[in-house]
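Below you'll find only one chain, the form predicted alone, shown as structure tokens.
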């Protein structure tokens, strides 16, 4: 009988450790060997000796951390190609979260586990879509694992934004969004909706947008909002970090309308507390129905939950005959993505 993954995948203070393979998945402290699911700061930490990830994730890590901190040695691994490490078979599947994001698929002595990292199931032209992988144990996130979190279609939220722009042509709509993944997805959604004007960006977003284009993701004309005059930004859609939309930086814009794109905008109190006039429920994480559907789709007998609303998801899975376990990993969900 194949060994249960709980006998060879262990939770340690450094993170999830594959004992026979001798490597960690998304470790929170510097380790000898790390496999990284994606470039957000609560998953990709600096200082590892050897890092394996997709080429896009490695490029993002170098851009954010510097060449010398993204791994002393870096191994780019393509989706779908199997590698054997000390008898453990490893391959990556797209996670659909951000550019380069991957699920880590492991098989040892006939037992298979899949570590999802963060993932979403919605259309996103800026990254490869999620691919389900059958497994015995599925390690899932649970950022939005409550029934209240059912995300509307992203195109519907973009349409609301464009209606507001048409209604207030003299004002600037400034959208708070994170630099990695969310900014580029919003740009792509705007282009799909027919918005072909140059999109002004806060300087903090420009670097990763440029990197996305270098990696083959076309975003259309972009400008730097910090060098544009207030009058030129009337009627514009400006993207900025969430911290900037209520900052004095935003006050230089033309009668700014603060917007924020996040799954948390489903909670009205969060929008009010942040002074958000136009909340946009656009998330790069799976919502409640998608989490349940994914856990069923991969046919896992057991699901381990790494962070988020663990108890609610475990209870719902039990009603579907799937065993659940909370891993209580340290440092998850504390990055900048949501």
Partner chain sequence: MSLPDFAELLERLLFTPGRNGKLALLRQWFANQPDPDRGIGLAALAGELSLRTAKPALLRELIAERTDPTLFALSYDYVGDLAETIALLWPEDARSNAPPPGLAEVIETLETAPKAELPRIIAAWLDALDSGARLALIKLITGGLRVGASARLAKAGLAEWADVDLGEIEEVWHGVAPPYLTLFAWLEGQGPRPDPNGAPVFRPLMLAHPLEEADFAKLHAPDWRAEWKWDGIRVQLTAGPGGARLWSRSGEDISNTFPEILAAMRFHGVADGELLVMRDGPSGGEVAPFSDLQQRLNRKTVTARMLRDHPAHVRLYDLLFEGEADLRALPFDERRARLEAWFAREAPARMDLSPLISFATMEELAEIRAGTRAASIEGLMLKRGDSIYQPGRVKGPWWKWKRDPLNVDAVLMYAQRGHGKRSSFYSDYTFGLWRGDELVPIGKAYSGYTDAELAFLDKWIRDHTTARFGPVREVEKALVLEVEFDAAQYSPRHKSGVALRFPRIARIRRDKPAEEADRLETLEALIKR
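Everything numeric here is computed off the predicted structure, so don't read it as measured data. Positions refer to the first chain, counted from 1.
Separately, the form predicted in complex with its partner chain exists; it is not shown, and the next lines address it.
For the candidate set 155, 147, 235, 203, a heavy atom within 4.5 Å of its partner chain in the model of the complex is found for exactly one residue, namely 147.
Contact annotation: of the candidates 29, 270, 50, 69, the single residue with a non-hydrogen atom within 4.5 angstroms of its partner chain in the model of the complex is 270. The stretch in contact with its partner chain in the model of the complex, judged by heavy atoms within 4.5 Å, is 277-285, chosen from 277-285, 294-302, 36-44, 51-59. Shown alone here, residue 307 lies farther than 4.5 Å from its partner chain in the model of the complex, counting heavy atoms only. Not displayed here, its partner chain is kept clear of residue 91 by more than 4.5 Å at the level of heavy atoms in the model of the complex. Its partner chain is not shown here, but in the model of the complex it comes within 4.5 Å of a heavy atom of residue 264. Not displayed here, its partner chain is kept clear of residue 79 by more than 4.5 Å at the level of heavy atoms in the model of the complex.
Residues of 296-314 lying near its partner chain in the model of the complex, listed in sequence order, are 309, 311, 312, the criterion being any heavy atom within 4.5 Å.
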